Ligand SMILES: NC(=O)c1ccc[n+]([C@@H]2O[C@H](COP(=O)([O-])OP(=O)(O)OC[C@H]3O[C@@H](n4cnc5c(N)ncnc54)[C@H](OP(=O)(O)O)[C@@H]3O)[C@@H](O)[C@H]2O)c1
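Before any questions on how it binds or moves, here is one chain, the form predicted on its own, in structure tokens.
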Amino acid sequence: MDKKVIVVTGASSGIGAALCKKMGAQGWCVVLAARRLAELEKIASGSGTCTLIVPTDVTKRSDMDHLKKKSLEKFGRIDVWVNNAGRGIGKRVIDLTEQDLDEIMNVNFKSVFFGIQAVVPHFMEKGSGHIINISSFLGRVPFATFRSVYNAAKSAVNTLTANLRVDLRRSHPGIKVSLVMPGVVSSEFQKNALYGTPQVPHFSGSGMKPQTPEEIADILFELIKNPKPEIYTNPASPDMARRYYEDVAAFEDNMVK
């Protein structure tokens, strides 16, 4: 692919870091955004020779607008914007506090909303661009109920993305909008989840093998080359989602056995 400019939030670890390294190796200019400056500097050092670090709190609209501004000042354009930042939680719905809900919704949903509203006007001006929103399989299927409001936030991301895609297809068909739904990923996500990650039996019997951030980055690379409306990254996910929606009661009965 030709040298282009990609902005990645949540770039200090996991999928975001792996994607920055992947795209940097392809000769792209990479804008790395996250709160942890030291980690961003480390990832940037392995992301090619054309990088920009922008410390960013994705829960603040002003920070996301600043991210766009600095990217355009440095490179003159943005070609791909990846809303990747996120954080999990380990609490059931009944145990959530309002503070829990606000924190998880801000990081996982409002950050995507702010990113969309920051970059879409630029894409409209140039008539092209690609927005990629990283969601989760859990936004479709209640496979890990202890993720509770995280799952709800990702479901909201799914819906927001679909509505944006249809709107832009009507008015600016050159802008592509993609939703990406990973399954289990072997990264710091589990460890960094608010209240941790409890041990549950469903993962081992699901047929859903964990993927590495590098495997997800390879899938994202192919998605950038050939945009699609939405993808599951794990081969086991589409069948599980189909079975869930075909018979919700049967699927949920099986989960609680």
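This is a predicted model, so every value here is computed, not measured. Numbers for residues come from their place in the sequence shown, where the first is 1.
Missing here is the form predicted together with this ligand; even so, the following discussion is about that form.
Novice: Check for me whether this ligand, as it appears in the predicted bound form, comes within 4.5 angstroms of all of I104, P142 and S148 - heavy atoms only.
Specialist: None of them does, since no heavy atom lies within 4.5 Å of the partner.
Novice: Pick from C29, L67, A44, V58: which has a non-hydrogen atom within 4.5 Å of this ligand in the predicted bound form?
Specialist: Among C29, L67, A44, V58, a heavy atom within 4.5 Å of this ligand in the predicted bound form occurs only for V58.
Novice: Tell me which stretch of 148 to 156, 69 to 77, 89 to 97, 166 to 174 has a heavy atom within 4.5 angstroms of this ligand in the predicted bound form.
Specialist: This holds for exactly one stretch, 148 to 156.
Novice: Taking this ligand as it sits in the predicted bound form, is G14 near enough to touch it, meaning that at least one heavy atom pair lies within 4.5 angstroms?
Specialist: Answer yes; at least one heavy atom of G14 falls within 4.5 Å of this ligand in the predicted bound form.
Novice: Just to confirm, A34 within 4.5 Å of this ligand in the predicted bound form by heavy atoms?
Specialist: The answer is yes: A34 has a heavy atom within 4.5 Å of this ligand.
Novice: Verify the contact flag for E222: yes if a non-hydrogen atom of it lies within 4.5 Å of a non-hydrogen atom of this ligand in the predicted bound form, no if not.
Specialist: Result no; E222 lies far from this ligand in the predicted bound form.
Novice: Please check if V120 has a heavy atom lying within 4.5 Å of any heavy atom of this ligand in the predicted bound form.
Specialist: No.
Novice: Within 81 to 104, which residues come within 4.5 Å of this ligand in the predicted bound form, counting heavy atoms only?
Specialist: Heavy-atom contacts within 4.5 Å come from N84, A85, G86.
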